[in-house]
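For reference, the chain that follows is the form predicted on its own, supplied as structure tokens.
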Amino acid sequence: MTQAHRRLAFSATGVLFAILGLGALLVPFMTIAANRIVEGDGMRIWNIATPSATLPGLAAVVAGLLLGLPDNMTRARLAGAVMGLAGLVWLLVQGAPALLEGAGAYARVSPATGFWCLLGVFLLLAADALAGMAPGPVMRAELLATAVGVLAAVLWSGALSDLSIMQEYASRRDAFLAATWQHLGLAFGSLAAAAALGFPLGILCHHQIKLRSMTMPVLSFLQTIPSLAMFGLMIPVLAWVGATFPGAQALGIAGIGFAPAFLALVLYALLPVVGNTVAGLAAAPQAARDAALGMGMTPRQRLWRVELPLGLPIILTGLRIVLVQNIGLAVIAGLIGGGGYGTFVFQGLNQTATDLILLGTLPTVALALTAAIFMNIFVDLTRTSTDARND
């Protein structure tokens, strides 16, 4: 009796997701508008296309929510999340052309509140299932590669080309590619610069307490400055540098543009890099330090052979924080001419074009999530190798 009761037990989070998902079915799933700017009319999920077209997708969504209910079936819950996401894609593919038929040359169709709520529910359901499965780094890397590959295949196939956001992309394809490279340059370039500055500074702070007591408060203060204010402060500083030093403007150093955004991101990144470097070096067990000293290692050898390898997971965690943080903050660079996905966000705000805003925000969110998962995998791999070395 007890075993049967356990088999029928429901997950509290699964029940919550099911309630939220079923509630999302009652609100508009897609909108149809006369053009890209005006507010559209909401269409519920069973009105976006013919019943024969919507029924498979609706069945997949409901089945995905039901598979998330059992408490002791994590693989089934993951399968339910995948099934639900596939159902959402099916509904978009079927609904977009059906709604656009006879709506006019400038009509636009977009996902509405119901779609975004269901998308969030199934993503959270997948995350909860994966947390219960506790996959290793290699399996997580395979799942990440599969998810990215499937998403790329769906977008590349053109199945969603009727959606307004894809039409915004089609009309700005070259600008989007340029913004992608700018965003990657801001996020990863500032990470590389902060690492080049922060690692040596963190090593010095680890060995010199006085330097640490002076440096960490300054870096902490820089973190307290609001991001928009930090970007603004860089404008007069770099404008003066560009006007004062010959050749500075030829290198792109000016009051607005890429340079002030890049410098602001580097300053924001220094505290996590330096702080985690200090914490990582300090995390080396005293027994390991004593053993290295007993073997006659020099301070430099102890640093490279003992302290850095043992502290690498903590140091990489700091880099993960910086990368995800800078991917998000790089959006603000669009406000001062720094490029990146923020260009579309602020253009969309000025034009009250929601889908243009999404053209900037969705790639930013996807890039941040992918970077966070990848860095977590990398951290776990280094932690596993460190534990094996200790054993």
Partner chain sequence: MRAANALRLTVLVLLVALVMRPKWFEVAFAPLAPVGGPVMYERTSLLSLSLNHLYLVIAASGAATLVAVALAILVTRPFGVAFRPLARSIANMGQTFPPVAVLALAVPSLGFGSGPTLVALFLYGLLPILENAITGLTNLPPAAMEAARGIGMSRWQSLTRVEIPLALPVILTGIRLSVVIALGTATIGSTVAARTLGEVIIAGLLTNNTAFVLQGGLIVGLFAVLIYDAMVQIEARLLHGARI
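Numbering follows the first chain given and starts at 1. If you're wondering where the values come from, they're calculated on a predicted model, not measured in any experiment.
The next section is about a form of this same protein that is not shown, the form predicted together with the partner chain.
Interface residue among 143, 241, 150, 225, judged by heavy atoms within 4.5 Å of the partner chain in the model of the complex: 225.
This chain is drawn without the partner chain; in the model of the complex, the residue among 60, 357, 67, 49 with a heavy atom within 4.5 Å of it is 357. Every member of the trio 345, 364 and 368 reaches the partner chain in the model of the complex with some non-hydrogen atom inside 4.5 Å. Stretch 124 to 132 is the answer when you ask which of 199 to 207, 83 to 91, 154 to 162, 124 to 132 has residues with heavy atoms within 4.5 Å of the partner chain in the model of the complex. Contact between residue 13 and the partner chain in the model of the complex is found at the 4.5 Å heavy atom cutoff. In the model of the complex, the partner chain sits beyond 4.5 Å of every heavy atom of residue 35. Contact between residue 185 and the partner chain in the model of the complex is not found at the 4.5 Å heavy atom cutoff. Proximity of residue 220 to the partner chain in the model of the complex: non-hydrogen atoms within 4.5 Å are present. Taking the partner chain as it sits in the model of the complex, the stretch 225 to 245 comes within 4.5 angstroms of it through a non-hydrogen atom at 225, 226, 227, 228, 229, 232, 233, 235, 236.
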